[in-house]
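Read the single chain below, which is given as structure tokens and is the form predicted on its own.
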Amino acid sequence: MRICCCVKRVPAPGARINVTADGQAVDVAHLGFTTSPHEECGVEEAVQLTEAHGGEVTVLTLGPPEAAEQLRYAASVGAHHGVLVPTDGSAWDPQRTARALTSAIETLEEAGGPFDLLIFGNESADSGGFQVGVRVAFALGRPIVGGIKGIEIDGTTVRARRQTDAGFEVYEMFMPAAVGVKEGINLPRYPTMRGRLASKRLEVGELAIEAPQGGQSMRRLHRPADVVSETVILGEGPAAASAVVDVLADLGVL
């Protein structure tokens, strides 16, 4: 089977995100970058599916030339091909991104045949728009289910499981289809030495695609003020007992 997994280069989760003085961009001077966590699990799921059923995994990303690093990482854990849609590094709105990825997928399918399954992250770790995968699937005329934490392939059918408070919802779709996976669907593997060497030999393909801007625009980025917690010493020994009781009373414990 042929699987295409779309990933995004994002600032490393947990990093301190600073905004430029004009509020129009993220200051990347001291940031490390990685693959968005949902999409890292998407790559792992794609590799596991091809290991079980045969086939190839193509990883597709849109971003600056540096995003080739994320494609090489995907190759180090088992992906077979990497394709970059290069940009100047500016943030694209979801509509424009989806249009470019749609064109890229159509181009790849014209050259190598249709993809049986498109895998997206449920949402990216930076913008969290929840839009791109749905827009691409709609443009390509393929069914999509998001929030997925389990995938099974049975012939020409993909069975996708979505976790809910009551258990799991199970969806069946005829392929070609698309899914939006969530972190936790699997535990991504670490690259082996053999995988790292293979990633260095990966020939990253490039597709120069022009896509018109969408109707959404970013007005300004705002970084919330840091929350500073203070520690107050209530006292020492028995003399602090009354102060402790007062605090418990304020919390409604007493």
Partner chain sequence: MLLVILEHDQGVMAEAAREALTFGRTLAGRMGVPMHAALIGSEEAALVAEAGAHGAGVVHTVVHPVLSDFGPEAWGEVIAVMVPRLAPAAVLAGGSDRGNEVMAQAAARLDAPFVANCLDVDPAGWSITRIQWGGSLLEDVTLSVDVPLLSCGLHAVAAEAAETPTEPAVEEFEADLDAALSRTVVRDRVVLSAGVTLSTAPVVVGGGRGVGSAEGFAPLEDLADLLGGKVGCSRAVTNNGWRPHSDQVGQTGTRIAPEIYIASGISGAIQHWVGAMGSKHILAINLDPEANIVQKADWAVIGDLHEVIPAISEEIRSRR
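Treat the numbers as computed from the prediction; the structure is a model and nothing was measured. We call the rigid core whatever largest set of C-alpha positions still superposes within 1.5 Å between the two forms. Residue numbers count along the first chain shown, from 1.
Just so it is clear, the following notes concern the form predicted together with the partner chain, a form of the same protein that is not shown.
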Tell me, yes or no, whether S127 is in contact with the partner chain in the model of the complex, where a contact means a heavy atom of each within 4.5 Å. yes
Is it the case that H30, even though its partner is missing from this view, gets within 4.5 Å of the partner chain in the model of the complex, heavy atoms only? no
Close approach of A208 to the partner chain in the model of the complex, 4.5 Å, heavy atom: no
Given that the partner chain is not shown alongside this chain, does A52 nevertheless sit within 4.5 Å of it in the model of the complex, heavy atom to heavy atom? no
Contact segment among 186 to 194, 42 to 50, 200 to 208, 61 to 69, judged by heavy atoms lying within 4.5 Å of the partner chain in the model of the complex: 186 to 194
Give, in sequence order, every residue of 214 to 250 that has a heavy atom within 4.5 Å of the partner chain in the model of the complex, or say none if there are no such residues. G215, Q216, S217, M218, R219, R220, L221, H222, R223, P224, V227, S229, E230, T231, V232, I233, L234, G235, E236, G237, P238, A240, A241, S242, V244, V245, D246, V247, L248
Is_shifted V19 between this form and the one not shown (CA, 2 Å cut-off, rigid core): no
